[in-house]
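Only one chain is given next, in structure tokens, and it is the form predicted on its own.
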Amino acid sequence: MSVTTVFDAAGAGHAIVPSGIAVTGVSRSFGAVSALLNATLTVPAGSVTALIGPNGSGKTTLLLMLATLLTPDTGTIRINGHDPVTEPERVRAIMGWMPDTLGSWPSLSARAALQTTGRLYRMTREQAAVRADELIALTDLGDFADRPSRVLSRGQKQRLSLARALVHSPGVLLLDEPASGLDPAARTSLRHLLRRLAGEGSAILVSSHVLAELDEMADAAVYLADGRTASPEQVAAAGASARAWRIRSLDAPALERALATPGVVGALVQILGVDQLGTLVQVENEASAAALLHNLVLSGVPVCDFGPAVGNLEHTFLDLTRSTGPDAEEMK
């Protein structure tokens, strides 16, 4: 971790510790099984970073270490400059942790659970009650706030878990599958809330298999495979690789004729076929996609939808985790 020193008018030096999450060369094994191998990543303050990887890639192990619940075998972790191993209480005071499954008191209501959590963070009874009311409104739990948590639905428990992670207004958030069980409206609210918190300066790390959701909220992504983080070079190469685009037209026969016309489809475009959502083509890069769209419009095709068949994160993830190819071999 680098520390910047600034000097005041009197010439005295003051260290400024970087905010957010910094993980450098972290490894962790369980017996003969390596869960993480030399993982390195950063999550700057004021940003949302997606944590992406297949099952068994080491995501949960990494989150548990960030949350002070596991100790790395090697490497360093800093949370707003603090070490989770030697300063766990400081880290817990500034971090909100939302696990993938709510561990709660089944007989307590959502309101009581939030008030109790506030008391554990040394709030007074009055402060805890006020904060619980704020979070019930924020996470739209008003209709269920006084029911025992054991009767809440999966989505309602997720909202309670998020509210509990926010009780002490943490500057760093770890969220494991936060959108699981949420309906579309709640997913939209979650996305807006996380973007707002990031805008207020929080460093947010979100692990999720719902890559379309992450595409709409994340500023950056960390990709894990077999316990290793992909390098920036690997991510850049995967993101720039040829990808499928989907085209829809108000006149499907006109689109078909245009795609069969010499000169409309360039050398860097390959026709993949037609599905229920439109025509799929493989495009080498965005310049080729722009040229194809230009030629289709000039040919009089009424194009109503033209874009990548999958989001950027899903495209990069799939390219990085292919069973063959140089990127996949380097990540193993």
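None of these values were measured; they are calculated from a predicted model. Residue positions are given as counts along the sequence shown, with the first one as 1.
Separately, the form predicted in complex with a small molecule exists; it is not shown, and the next lines address it.
At a distance threshold of 4.5 angstroms between non-hydrogen atoms, residue 209 is in contact with the small molecule in the predicted complex. At a distance threshold of 4.5 angstroms between non-hydrogen atoms, residue 177 is in contact with the small molecule in the predicted complex.
For the chain shown alone, residue 56 is a contact residue for the small molecule in the predicted complex, at least one non-hydrogen atom being within 4.5 angstroms. Although the partner is absent here, residue 61 lies within 4.5 Å of the small molecule in the predicted complex, judged by heavy atoms. Remark: of stretches 275 to 283, 302 to 310, 289 to 297, 30 to 38, the one touching the small molecule in the predicted complex is 30 to 38 (heavy atom within 4.5 Å).
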